[in-house]
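In the block that follows, a single chain appears as structure tokens, in the form predicted on its own.
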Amino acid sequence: MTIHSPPKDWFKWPHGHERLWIGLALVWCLIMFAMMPYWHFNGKQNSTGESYAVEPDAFVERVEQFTAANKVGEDPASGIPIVEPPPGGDAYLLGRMWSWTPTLKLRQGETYRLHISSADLQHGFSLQPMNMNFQVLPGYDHVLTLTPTTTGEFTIVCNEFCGIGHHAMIGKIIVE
């Protein structure tokens, strides 16, 4: 078998229904391209995002200081501290194999700046039952502006496979 060059007149311009389908596909691509920025700004599901470079050890230290300054209790089952940041203030949440710490206690209607990072590897922050998903990477302080609108206990799960204890990586946000 040898490789042959195609004949010089092999290319035929689309005609008839081919032109129609190519035109429809092009229009659909343009619509989808325009929807991405539209949905980002008007869909209210994506963080417009602030993120800062931070050394993982420095972020762990910030979380420990935040926890020590604002601790109001401890989860009896897990021993994870329950922390209540001042309304309108900053709150810190750390993901590491295989836990989210601390448990945050927030007030309905107050706005918080939630700093999230990882101490070790990539985790996924998924707040249930809200449809809020976010990738959490070590070395970055991701800041989400959050205003709880309903009371209750909201579960945080890791939605990025992070190892053998991934299934147990569960945290909590309490809104009162």
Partner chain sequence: MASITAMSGPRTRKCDTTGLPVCLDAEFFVKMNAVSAVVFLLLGGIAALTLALTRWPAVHLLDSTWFYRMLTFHGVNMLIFWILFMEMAILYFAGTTLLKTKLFSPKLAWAGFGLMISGAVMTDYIILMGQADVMLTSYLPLVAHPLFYLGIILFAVGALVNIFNFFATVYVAWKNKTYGETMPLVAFGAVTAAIIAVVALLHGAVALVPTLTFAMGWTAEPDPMWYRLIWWGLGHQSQQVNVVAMVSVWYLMSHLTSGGVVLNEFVSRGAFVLYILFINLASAHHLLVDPGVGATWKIWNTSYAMYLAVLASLIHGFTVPAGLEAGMRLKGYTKGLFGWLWNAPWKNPGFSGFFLSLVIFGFIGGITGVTLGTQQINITAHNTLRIPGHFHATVVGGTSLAFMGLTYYVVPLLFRREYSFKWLARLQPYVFAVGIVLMSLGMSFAGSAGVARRTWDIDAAGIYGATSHLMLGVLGIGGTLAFIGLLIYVLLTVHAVLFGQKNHGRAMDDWGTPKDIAPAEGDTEARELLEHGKAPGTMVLVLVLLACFVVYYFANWKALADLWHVR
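This one's a predicted model, so the numbers in the text were calculated from it and none came from an experiment. Throughout, rigid core stands for the largest set of C-alpha atoms superposing within 1.5 Å between the two forms. Positions refer to the first chain, counted from 1.
Note that the form predicted together with its partner chain isn't included here; everything after this is about it.
*Asks:* May I ask you to state whether F134 is within 4.5 Å of its partner chain in the model of the complex, using heavy atom distances?
*Replies:* Yes.
*Asks:* Please tell me whether any heavy atom belonging to M35 falls inside 4.5 Å of a heavy atom of its partner chain, as the geometry stands in the model of the complex.
*Replies:* So M35 counts as contacting its partner chain.
*Asks:* Indicate whether V63 is a 4.5 Å heavy atom neighbour of its partner chain in the model of the complex.
*Replies:* Judged by the heavy-atom cut-off of 4.5 Å, V63 is well away from its partner chain in the model of the complex.
*Asks:* With a 4.5 Å heavy atom cut-off, would you call V143 a contact of its partner chain in the model of the complex?
*Replies:* Judged by the heavy-atom cut-off of 4.5 Å, V143 is in contact with its partner chain in the model of the complex.
*Asks:* After superposing the rigid core, is the C-alpha displacement of A69 2 Å or more between this form and the one not shown?
*Replies:* Stays below the 2 Å threshold, so no.
*Asks:* Quick check on P37: with the core superposed, does its CA move 2 angstroms or more between this form and the one not shown?
*Replies:* After core superposition, the C-alpha of P37 moves 2 Å or more between this form and the one not shown.
*Asks:* If I superpose the two forms on their rigid core, does the C-alpha of P14 end up displaced by 2 Å or more between this form and the one not shown?
*Replies:* It does shift by 2 Å or more.
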